[in-house]
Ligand code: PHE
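Presented below, as structure tokens, is a lone chain in the form predicted on its own.
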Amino acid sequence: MATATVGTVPLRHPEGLATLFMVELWERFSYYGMRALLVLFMVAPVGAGGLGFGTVEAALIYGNYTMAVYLLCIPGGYTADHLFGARRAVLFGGMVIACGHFTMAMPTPVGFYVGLVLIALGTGLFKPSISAMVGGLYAPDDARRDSGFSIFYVGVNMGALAAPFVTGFLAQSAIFKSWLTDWGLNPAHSWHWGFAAAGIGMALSVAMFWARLRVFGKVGVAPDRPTMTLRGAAAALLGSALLLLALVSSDRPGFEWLRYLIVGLPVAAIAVFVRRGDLEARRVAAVFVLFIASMIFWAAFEQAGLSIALFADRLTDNHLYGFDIPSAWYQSLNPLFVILLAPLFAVLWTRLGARQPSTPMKFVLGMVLLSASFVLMVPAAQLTLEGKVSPLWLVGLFFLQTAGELCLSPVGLSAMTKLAPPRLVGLMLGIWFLGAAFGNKLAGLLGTGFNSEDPAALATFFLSLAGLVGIAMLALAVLMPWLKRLMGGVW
């Protein structure tokens, strides 16, 4: 069918975009639906259907799992590029993710751990591959390309918005627990109904993708001949596995020193590329400077699924108009604010044009807002001495954090594509995901300091998070002139 155009720019997007939009929506539904319950399930008493873990143990598992989800995108993306093709990687990855969620639906500790491993492995294949397919729908110079990714990002947040409402109701709502009792089922197993709902979302995603394969033409097909090399496989597959093993092992007594890899590796990379001196190397060094900034940002931001989830569950007054709000529902505030604020930020940057802040300055602004969100929680923590606090504290926190996210996350992704040498764009995007992986690991380590029983200690915890982000923000601001020289005109 012919497509209308304005000048030489088609008005309509490729047919495959709508399919990928819905596939990603349901995949993110499954991920964020399970993530909203993860820590709450681990710390819930065994008698209430949980695992009965302490906060420290739950925080470390959360950090390792969310780290693995991002870290495995590197070998997953490499395997898709050189062996399966993006199309098969999305299918295989989606099926593995669905199996993981349904495994977690079984009320056994073994099912819980096996499910987490399967979801991390499947997401490593799925996440980079579906993004690659969106890019494959457009020619490199297609004026619709950025718009297509923006539409795709809306699907991400729509899935993340809806998921906690569904899984939170199933897992935590007294209404659903009473239904289970009426049906002769164990209400303590309500958590696993939430995990199963996440699995249904992922199964819908896979089924929809399979049914609509024809709309993609040759986008995402496997290479005619596998191009995986021994050297490349060792670097991507074995290297990622060893790094993951080292950082998971760092939780064991006597191996804590391995945690220094989180900071040591990017600092070493900066030193190596700065010493080379040429423009291309200096820009790669700049990538690693932004890598460290983003890692610290995500370490604090990802408290949303950890310490903030526990604060919402234990210390927030969730009784509203005679109805008990499942604490998992607060996890929908971030995607809601993304949907509301993203168009405003897009208009703001467009209106400012050449006067808009530089990429590093946008990072600084994002970190200022994130730090402010935890400063806001200091009086909220102190007020818990008198009892549970208003949900408005969490609304304010998520609003500030989302504004900070929009200053840093899409800007950082764009910066990676501009700073990377043309032949290494994919690798630099993999490094960007690695920054998120390291940040999530650090989030787990930081989350071990959460203490819901001592208001003074809790206030200190939130103040320390604000201070960590603030120190990183000040360091980035001080290094701005040097970073500008490293970026070599990409500013």
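Numbers for residues come from their place in the sequence shown, where the first is 1. Quick caveat, the model's predicted, so the values are computed rather than measured.
What comes next is about the form predicted together with the named molecule, which does not appear here.
Remark: of stretches 43-51, 444-452, 431-439, 458-466, the one touching the named molecule in the model of the complex is 431-439 (heavy atom within 4.5 Å).
Taking the partner from the other structure, the named molecule in the model of the complex has a heavy atom within 4.5 Å of a heavy atom of residue 298. At the 4.5 Å threshold, heavy atoms of residue 101 stay clear of the named molecule in the model of the complex, well away from it. Proximity of residue 192 to the named molecule in the model of the complex: non-hydrogen atoms within 4.5 Å are absent; the residue sits far from the partner. Under a 4.5 angstroms non-hydrogen atom cutoff, the named molecule in the model of the complex has residue 409 among its neighbouring residues. Contact with the named molecule in the model of the complex, defined as a heavy atom within 4.5 Å, holds for exactly one of 153, 216, 78, 337, namely 153. Within 4.5 angstroms of the named molecule in the model of the complex, the stretch 16-32 places a non-hydrogen atom from each of 28, 32, taken in sequence order.
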